[in-house]
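Okay, so here's just one chain, in C-alpha cells, the form predicted alone.
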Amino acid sequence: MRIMVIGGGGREHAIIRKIRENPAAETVYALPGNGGIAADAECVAIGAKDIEGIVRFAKEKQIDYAVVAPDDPLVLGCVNALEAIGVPCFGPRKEAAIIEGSKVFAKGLMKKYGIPTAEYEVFEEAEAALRYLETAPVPTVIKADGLALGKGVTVAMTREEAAAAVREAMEDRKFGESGSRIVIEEFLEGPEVSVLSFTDGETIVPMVSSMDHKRALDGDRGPNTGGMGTIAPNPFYTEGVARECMERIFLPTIRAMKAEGREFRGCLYFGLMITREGPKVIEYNCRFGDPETQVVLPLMESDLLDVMRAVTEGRLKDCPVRFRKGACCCVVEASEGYPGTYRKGFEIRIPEEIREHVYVAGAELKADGGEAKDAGDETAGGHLVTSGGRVLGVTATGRTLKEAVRLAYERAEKVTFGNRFYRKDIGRAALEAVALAEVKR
C-alpha cells in the first residue's frame, strides 16, 4: 500500500512508526514531515494546509490510504477533498471536525444533548464580554472559539487577567479570526485526563488514558504550551470513572454528532476534568493529541493500520483493539523561550541506542555545509537542527509508571542541542497518586 500521512510533528512521527509495523505499508509519505521523520518516511514539501497540493500529490502517486492527523487540514476539509477523488482516509470530514474547530459549536452540542461540561457564555463583542467579567466568578476560563495551536485558552485567576485575555483575543486578535468569538467558562477543579478514542460513528473504543502537562515550567507554572510531556495510563482514570464516561460522555457524544448529521469517523479526543460532581468535558479534539499519541501508541498491541481502516470502513465493532499492561512516559525537549520567541538552528545529537524512542517534532535536516536540504533528500547525509519550539519527545515504556518515568529521563539526558530545556517533573503528580492509592490499599 502507498500511504500518505498529513502533518509534520511528533504525533505524526509516532503514527508513521506504528503504521510501518504493518507489512502492507510498503511506502509511507509524510506531508510535509520533518528532518527526524525522514528516517521513517519519504518527506514531501507540501504543507498540511495545502489541500490542493495534497490532492494533486495523492493523484500523482496513486495513494491507497491517507491519514490526516492535524486539526487545521481536518477543519479545512482535507478528508472531504481526498474522498472526492477516491482516496479513503482516517480522520473526520469537515462537517464533523467542527467539534474542535468551534468551541461555541462544541459547547452548544453538549448543552443540547446533556453532556456534562462547565457552565459558559458566548461573546462576539469585547465590550459585552468585559461587562460580564465585572461580576463573573473568578477564577474563570477564556477560550478563543477557533483553532489556536493549543494556546487559545487562558485560565484567569483574577478579573484583571480575564479582561486582558479578552482584549488579546478580541481586540488585539492574537489568534486571528479564531478569537473573533470567545467562550467564557466556569472554572472546574480536579484531575485532568486525556482519552483518545477510535470511532466509526457507531462504535467507540477508548484508548489507554493519559495525563498531559501543559504548563512550560515545573510545578505547573509558566504559560500554557502545546504540551511538555505525558504519561499513560492516568491513575485518576479509574474503572468506575471509565464506565461513567462511556455512559454519560463518550456514547452520547458520537450519538449527538450523528443526530446532527455530522457522523464522526476517526480519532475523537476527550479532554476531561474529574470534578466532585463527576467527569466533565473540558474540550474535544478531532484528532490524535500531541504529545498524548507518543505515550498511547507504544502501549498499543493491535495493528494501527488495521484499526484505522476498520474505522474508515465502518466495521470497528469487528476489529480487536488491545493495549498492553504497563506504562509509558514522554518528556518533551523544547527550545528555551517556548511558547514565546526562541532561537533556532542548533544541532541536535541523538545517540543511536535511543533513537527509536525519540519522536521528532520541530527539526529540519541541514547538509553538512549548513544549508537546508530539499524534502525527499533527507537520507543523503547531513544533520538535524532545531526548527521549532517543541523539538522532540523522548519516551520509555515500563512495567510500572515509576520505571517508565525513570527510563524516559535517563534517555532525555542523553539528547543534546543548544538552547534546550525540559520539565523535570513529568509524571510526578501521577506517581504521588499511585503511591497514595497503594497506601490506602
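All residue numbers are counted from 1 along the displayed sequence. Owing to the predicted nature of the structure, the values given are computational and were not obtained by experimental measurement.
Heads up, the form predicted in complex with a small molecule isn't pictured, but that's what we're talking about next.
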item: Contact stretch among 296 to 304, 140 to 148, 91 to 99, 323 to 331 - heavy atom within 4.5 Å of the small molecule in the predicted bound form; value: 140 to 148
item: Contact residue in the predicted bound form, from D220, E186, E168, E336 (heavy atom within 4.5 Å of the small molecule); value: E186
item: Sole residue of K174, K214, K344, K366 within 4.5 Å of the small molecule in the predicted bound form, by heavy atom; value: K214
item: Contact label in the predicted bound form: V155 to the small molecule, heavy atom within 4.5 Å; value: yes
item: Contact test in the predicted bound form: E283 vs the small molecule, heavy atoms, 4.5 Å; value: yes
item: Interface membership of I254, the small molecule in the predicted bound form, 4.5 Å heavy atom rule; value: no
item: Exercise: V205 in contact with the small molecule in the predicted bound form, heavy atom 4.5 Å; value: no
